[in-house]
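One chain comes next, on its own, written as structure tokens: the form predicted on its own.
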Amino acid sequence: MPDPNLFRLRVEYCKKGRLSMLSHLEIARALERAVRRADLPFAVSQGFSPHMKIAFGSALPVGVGSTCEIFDLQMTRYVAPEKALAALRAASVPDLMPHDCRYIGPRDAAASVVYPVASYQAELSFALEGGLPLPEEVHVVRKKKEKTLKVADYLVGQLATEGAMVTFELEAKPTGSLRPDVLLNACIDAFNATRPEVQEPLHIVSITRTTQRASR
């Protein structure tokens, strides 16, 4: 639980370009280094292995970019949000660039759960005329065990297709979540299964998380 005596700064940043290929752990390490380079007064945990008090939003799959990622940084003293943002931007690379800072309260939800609904935009290898087929279920392997997920439990609204662009929303549940790349690949596999082998198979060019929000 956040220390009420500390200042809790929520930072919004992008993850794009080549850095979209980094894992969640690699992104976390890069952001911690940026905070240190920015010389912000970050708080440190107590105990045998002290570490920066920083908490990250929900993990993105490797290869999925975003314009709306967040992390929460606990600080020992107040720094004006605009000054903190300027320091972080000067210490960051373009493909992992902060673009907003604001303070939140000690009782506000953690970065990992505050926005369970996320919007995605994907670019496909060619334009579609009739949209993508949507499977009722997808099969995933987690911790060497196969699991079946019902798409309707996670998909909010419809899977909208316009030319080569696909937009959709997914909601993470306390019991689990459906990755955007897993859903799209299942749709694409169903689409490719209906096409003659001589035709070029459809594939994903890019996926970007564009917004995050709370459940309605």
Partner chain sequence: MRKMTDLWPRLEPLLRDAERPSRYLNHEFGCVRKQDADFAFCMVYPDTYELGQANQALRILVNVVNASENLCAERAFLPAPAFCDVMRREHLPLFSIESCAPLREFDAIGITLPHELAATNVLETLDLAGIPIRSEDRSENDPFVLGGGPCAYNPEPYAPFFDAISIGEGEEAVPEGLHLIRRMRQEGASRGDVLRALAREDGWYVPSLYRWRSEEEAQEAGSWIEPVEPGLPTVIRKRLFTRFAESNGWELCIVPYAECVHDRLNVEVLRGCARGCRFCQAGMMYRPVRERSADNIVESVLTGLAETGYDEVSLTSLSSTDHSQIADILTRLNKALDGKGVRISVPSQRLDSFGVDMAGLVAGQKKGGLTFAPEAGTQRLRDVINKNVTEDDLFGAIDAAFAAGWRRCKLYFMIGLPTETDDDIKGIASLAQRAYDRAKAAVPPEQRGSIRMSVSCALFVPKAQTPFQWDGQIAPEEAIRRVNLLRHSVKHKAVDVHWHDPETSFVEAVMSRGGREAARWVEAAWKRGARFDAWTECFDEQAWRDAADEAGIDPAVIAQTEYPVERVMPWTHISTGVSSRFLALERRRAQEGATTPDCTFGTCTGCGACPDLDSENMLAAVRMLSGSSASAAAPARGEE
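Quick caveat: nothing in here was measured; it's all calculated off a predicted structure. Numbering follows the first chain given and starts at 1.
Keep in mind that the form predicted in complex with the partner chain is not shown, yet the notes after this line are about it.
Taking the partner from elsewhere, Leu128 is found to have every heavy atom lying beyond 4.5 Å of the partner chain in the predicted complex. The partner chain is not drawn, but in the predicted complex it has no heavy atom within 4.5 Å of Val113.
For the chain shown alone, Asp95 is a contact residue for the partner chain in the predicted complex, at least one non-hydrogen atom being within 4.5 angstroms. For Ala91, a non-hydrogen atom is located within 4.5 Å of the partner chain in the predicted complex, even though that partner is not displayed. Residues placing heavy atoms within 4.5 Å of the partner chain in the predicted complex fall in a single listed stretch, namely 27-35, out of 27-35, 186-194, 164-172, 144-152.
Heavy atoms closer than or equal to 4.5 Å to the partner chain in the predicted complex belong, across 43-64, to the residues Val44, Gly47, Phe48, Ser49, Pro50, Val62, ordered by sequence position.
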